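Taking the form predicted on its own, here's one chain by itself in structure tokens.
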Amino acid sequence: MSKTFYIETFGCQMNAHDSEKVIGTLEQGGYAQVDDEADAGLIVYNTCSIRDKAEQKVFHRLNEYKRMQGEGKRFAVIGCVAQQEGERIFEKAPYVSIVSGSASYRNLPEMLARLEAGEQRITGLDDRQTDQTFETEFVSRTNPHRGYITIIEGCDKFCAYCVVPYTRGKERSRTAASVLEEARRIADLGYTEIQLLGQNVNSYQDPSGAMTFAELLAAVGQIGGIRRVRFTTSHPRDFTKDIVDAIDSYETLCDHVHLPVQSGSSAVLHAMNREYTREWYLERISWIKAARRDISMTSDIIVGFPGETERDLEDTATLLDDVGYDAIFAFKYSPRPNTPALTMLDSIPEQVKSARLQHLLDRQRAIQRKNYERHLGEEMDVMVEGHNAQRAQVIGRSSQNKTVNFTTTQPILPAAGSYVRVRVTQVFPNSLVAEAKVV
């Protein structure tokens, strides 16, 4: 097996950043990354099991890889589906050599050594009680302008629909000192934006007891050279007012909070085991709305959860009106392996779920159209992410995490990662159009 590898990543930002750490670990072990699976000695498939039929997608992709098994290639399946399916992957795809859950990535060097020594089947599967996190200084950062830092892994919430506690293990946090050390390294590399990650990022508990989550946010925001600090994803149960106070106090903390509600009905929230009510959630929203800064709010919503009534749906729809989100990510409920919701009677037909989802999306679109109008004529700093040659526009992102497409009269287009002051000239429900201010 040649010491080259190809990695394919599916899922959330946590998975994407995990892949950055896996790539760094492989490169430290003498492996070289290639852009084409045909040129790789080792093919790594980093999987996600959040969405419906995730396992089928994995095995379908592995079946496509099967044609390469006679070419001396080795295959590794890592991530959430690997943890969930375990050694069944070897049974369904016997040409796979490594199956590793995310809690076992710290053992990758050892697993690679065993692979190179000729072992055919290597398993790295931890139970959810592990206290270990995947810390490594060998991170191959693939995003050219935003540095990701995982500060907490796993989940202890056990929402009825969610597979994460079973695939990611229990909540375990890094020390604040190690997070700040990595943040300084990122700043020294020239990054100006840092995003703190966790399945429930605001559930962070510093093992040393030195800092709360809000204090850690503030400390990262005060590192020299850092202009923006983001965090995702928060859980309402652990969202505290001092987080809002920190955003108000430090301009480097982005004025955006993603706070997944999942449903606007207290009855459905109880069935989901979210352990808060509509009123509890709206109290936290009131803290955000009372801030001095204009903090953008976004959320996740599930429709069609078992037992959801038309009244429950209307509760969610009115919540959209009460909060006034700048964006939502809404999905139809789908049963996931090992979750308590599997035992609930899913009596809602698929077409009804689709209709309910569309109803919410239409309602939210009207809210966003009105929300975005408040930015017309506003000046803001935009971080450049790319260019649209066809429209002669620069693509950027505001502190509120809104997409801003702007034009400039400068002969040389601003580079990715740079900041440009713009004035908003046109608004759409999902983006802003602006022109660069003349310096």
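Numbering starts at 1 and follows the sequence shown. Since the structure is predicted, the reported quantities are computational estimates derived from the model, not experimental observations.
As for the form predicted in complex with a small molecule, it is not shown, yet the points below apply to it.
Under a 4.5 angstroms non-hydrogen atom cutoff, the small molecule in the predicted bound form has P260 among its neighbouring residues. For the chain shown alone, D300 is a contact residue for the small molecule in the predicted bound form, at least one non-hydrogen atom being within 4.5 angstroms. For the chain shown alone, Q199 is a contact residue for the small molecule in the predicted bound form, at least one non-hydrogen atom being within 4.5 angstroms.
I50 belongs to the set of residues with a heavy atom inside 4.5 Å of the small molecule in the predicted bound form.
Contact with the small molecule in the predicted bound form, defined as any heavy atom within 4.5 Å, is confined among 357 to 365, 154 to 162, 317 to 325, 140 to 148 to 154 to 162. With respect to the small molecule in the predicted bound form, the three residues S173, R230 and F239 uniformly fall beyond 4.5 angstroms at the level of their nearest heavy atom. Of the residues given (H235, R106, R293, R128), H235 alone sits with a heavy atom within 4.5 Å of the small molecule in the predicted bound form. This chain is displayed alone, yet in the predicted bound form one of F75, F134, Y333, W287 has a heavy atom within 4.5 Å of the small molecule; that residue is Y333.
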